[in-house]
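This document opens with one chain alone, in structure tokens, the form predicted on its own.
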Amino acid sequence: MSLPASADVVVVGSGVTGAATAAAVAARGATVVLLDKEDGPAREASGRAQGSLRVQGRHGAELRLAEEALRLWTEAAADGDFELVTGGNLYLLTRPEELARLRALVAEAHRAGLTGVELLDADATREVMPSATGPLLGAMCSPGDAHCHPRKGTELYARRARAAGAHPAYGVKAVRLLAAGARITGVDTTEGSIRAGAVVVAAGIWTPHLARTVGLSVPIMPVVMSELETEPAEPLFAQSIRAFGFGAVQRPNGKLIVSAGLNARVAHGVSLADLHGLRYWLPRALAFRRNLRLSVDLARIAHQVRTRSTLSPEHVPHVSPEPPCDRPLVDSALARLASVVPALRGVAVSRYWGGVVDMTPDGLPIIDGGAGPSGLTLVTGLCGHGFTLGPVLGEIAADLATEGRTARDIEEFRLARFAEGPVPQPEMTI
């Protein structure tokens, strides 16, 4: 891989955030290199997402960003087909005890000015989604939300970046951030060094390893979420569906992507790296112990012992292995979905997969242009609900990389918040 010796900005990671960042930087006339250790964009978290583009159900700090991101996704559809469906979003209410949570989410949306979000009873829900003839009590509805094919959406932004002049470098791993004094100066890679006055690290679960090379501690826990895809079914709903125990979207080709939904069970391989930030993670692990399936990652521990390190680019694989899928979990999710949408009973599963999610202790992302050497921007910890935000995160990262500031409010996403006092726990795992 031939790399330029220098660039104005280097972006590490070509998920949707990295690809959108490279596109936004290049569109401003700056030179940019987009690095990814995989052989193309969207090979990890972004390409394994469900593709829901939702505003509702978010923490208040994210709502305005999600609104802007949804608008950017809609505008991007003019550049190519990534299966954008603007069918809204439904949080289905299937048990009485879930009602209080949905009411709280509606109230938070209204406080943020999202007055179109409303709580529907069962009859009104079936008017919106006629295929939901099975038992349900109602739903929270956000009519402006959407969904898309996540890999195709990410690839669109990667194409935009290249068309604007960005230099993509796939199969190239970043191995060290370079700094002189308090200023970032570039990136060392497996194919040589690139000098740059600004670096954006949007590397998901691998961000802590690279940030460590300039002395930053980034509290990220990798967990695996499981999903499945069915064979094509008749058109049943245009909305993205979320509920306690299942979630789904139906693609234009009729196939359904099914996940374990709200408060899903996730898997984590325990290693010595978990000693970092244990004071944050232990209370959360205890609180969500029923939602966390732990195993001991012996191979990773052995490698950490051999290298005498727990966080280092040495531990970042050149090609990430296939994450394990909890098939019983998503089979159960499909069965629960079919109880609400009986037309899905008997639909065949065509494939299963797992996706690795970069969790933070408080369930909010890390978006920070001032945490380390001047010129370094971190965008990570998107906690399984960051795919929607990709386009606006790209604009924010481009602001920080080219101008050193952004007009958007990212105060609540600073890395320093974890050292400033008690870390609040989110109400759900996902």
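This structure is a prediction, so every number in the text was calculated from the model and none was measured. In this text, residue numbers run from 1 along the sequence as written.
Form predicted together with a small molecule: not shown, discussed below.
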(message) Since the partner isn't included here, can you check whether the small molecule sits close to all of 84, 149 and 337 in the predicted complex (heavy atom within 4.5 Å for each)?
(response) no
(message) My question is simply whether residue 402 lines the interface with the small molecule in the predicted complex - judged by any non-hydrogen atom within 4.5 Å.
(response) no
(message) At 4.5 Å between heavy atoms, is residue 49 in contact with the small molecule in the predicted complex?
(response) yes
(request) Tell me, yes or no, whether residue 12 is in contact with the small molecule in the predicted complex, where a contact means a heavy atom of each within 4.5 Å. (result) yes
(message) Please determine whether residue 92 contacts the small molecule in the predicted complex, using a 4.5 Å cut-off between heavy atoms.
(response) no
(request) Just one of 155 to 163, 355 to 363, 262 to 270, 302 to 310 has residues with a heavy atom within 4.5 Å of the small molecule in the predicted complex, so point it out. (result) 355 to 363
(request) Let me know the one among 57, 369, 391, 386 whose heavy atoms come within 4.5 Å of the small molecule in the predicted complex, would you? (result) 386
